[in-house]
Ligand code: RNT
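Shown here is one chain on its own, the form predicted on its own, set out as structure tokens.
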Amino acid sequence: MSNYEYAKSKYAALGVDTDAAIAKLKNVGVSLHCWQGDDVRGFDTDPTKPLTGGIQTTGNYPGRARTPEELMADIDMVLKLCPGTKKMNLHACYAIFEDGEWADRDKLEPKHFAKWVKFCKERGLGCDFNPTFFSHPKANGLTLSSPDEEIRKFWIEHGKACIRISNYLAEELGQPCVMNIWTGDGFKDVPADRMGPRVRYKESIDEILSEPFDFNKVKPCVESKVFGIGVEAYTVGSAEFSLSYAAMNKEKCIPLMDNGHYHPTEVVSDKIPALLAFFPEIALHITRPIRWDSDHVVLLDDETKELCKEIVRCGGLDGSVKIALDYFDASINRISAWTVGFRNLQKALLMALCTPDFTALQDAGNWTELMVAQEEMKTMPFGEVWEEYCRVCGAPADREWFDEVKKYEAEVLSKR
């Protein structure tokens, strides 16, 4: 009996079909964020200038992608090393201009993402999208909530352009495009007016979403945040604001939760079933916060596992939960960062699919047996199931893929 056959029999004794779990996960799309590869720099502004809008990338590990071609080559490496179905996730600042052309963010067009469409088509990928409301001369403070009408109009037009680009991505690639609206708007210290910026923010999002689109193809989201660097005292797009906006606009907007965007004692895993009780669709950005939303590489830690358990338990793998990764670590090899995070999310999802349904024990009040059953799941032979999943997907197993990263670093990254 092979190691996998042994593990399969152990899970079967608990009523779990590991072959079915593997087959299901193999077709679950997860968005891979392009910005891990170049430290959120993009291609539309001066790459030597610091990030703004409450975002910070730390570290200067060699090998950062500097061009679209380098970034695409690095992404190809990650696609090769990770099992499962992937989508791309782009920010608007990754527009690709040719022949000396350049367009400001309010003038971006679908053609500026044609090379990304070609890249995705050749690899069978869908693509999600994000307006970029940071790292721009007109983003030194408030954007969609600015009292300056000219500034606010610029960013509204940017949002509308991104609706059109998202529609283009959806139509060209044949998959819905999740378009996430997040800004770093807020104040470093105690504001005199908390209401005004939020009213302007609401009106700006209303204007963006007045741009015609098919909600079956384009899935606009609003994402909240508790605070960021330079906006420690007040964030315009708070959790209450963003959730309320989505609730009042269900016909054209869904809520997006980033598990680094809440108070340290809050967990998004508990919020998933709460939102799915009211929303037919929600979106997630999965990261790992340390102290604050520091966007560390996703580990196979308790909250990642709990997030994935709730996605599976709530039926989220049917498409009602849109799953994306969001982190950027410049202190380590970026290919490895991407790969570790993606593989850990896949492990957590597969682990959840291999967990029996213990609802009957809970409903019967058998708390002792429930605790025993949940604890004993922690020593089940999951590693063998994961290795089988990698084999089925044609991806390297653990302890194998990192040699390829080291070879790529020596031959490619070190020469940049």
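Note that residue numbering follows the sequence shown and begins at 1. Just so it is clear, the structure is predicted and the values come from calculations on it, not from any experiment.
The next section is about a form of this same protein that is not shown, the form predicted in complex with the ligand.
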Flag residue 112 as yes or no: does it have a non-hydrogen atom within 4.5 angstroms of any non-hydrogen atom of the ligand in the model of the complex? no
Determine whether any heavy atom of residue 294 comes within 4.5 Å of a heavy atom of the ligand in the model of the complex, and answer yes or no. yes
Partner contact for residue 310 in the model of the complex: the ligand, 4.5 angstroms, heavy atom: no
With the partner left out of view, is residue 180 within 4.5 angstroms of the ligand in the model of the complex by any non-hydrogen atom? yes
With the partner absent here, would 55, 134 and 223 each sit within 4.5 Å of the ligand in the model of the complex, counting heavy atoms only? yes
The unique member of 219, 105, 91, 198 whose heavy atoms fall within 4.5 Å of the ligand in the model of the complex: 91
Which listed residue (343, 152, 87, 285) meets the criterion of a heavy atom within 4.5 Å of the ligand in the model of the complex? 285
Report the stretch among 237-245, 199-207, 139-147, 223-231 that approaches the ligand in the model of the complex to within 4.5 Å, counting heavy atoms only. 223-231
Just to make sure I understand: among 243-265, which residues lie within 4.5 Å of the ligand in the model of the complex, judging by heavy atoms? 258, 261
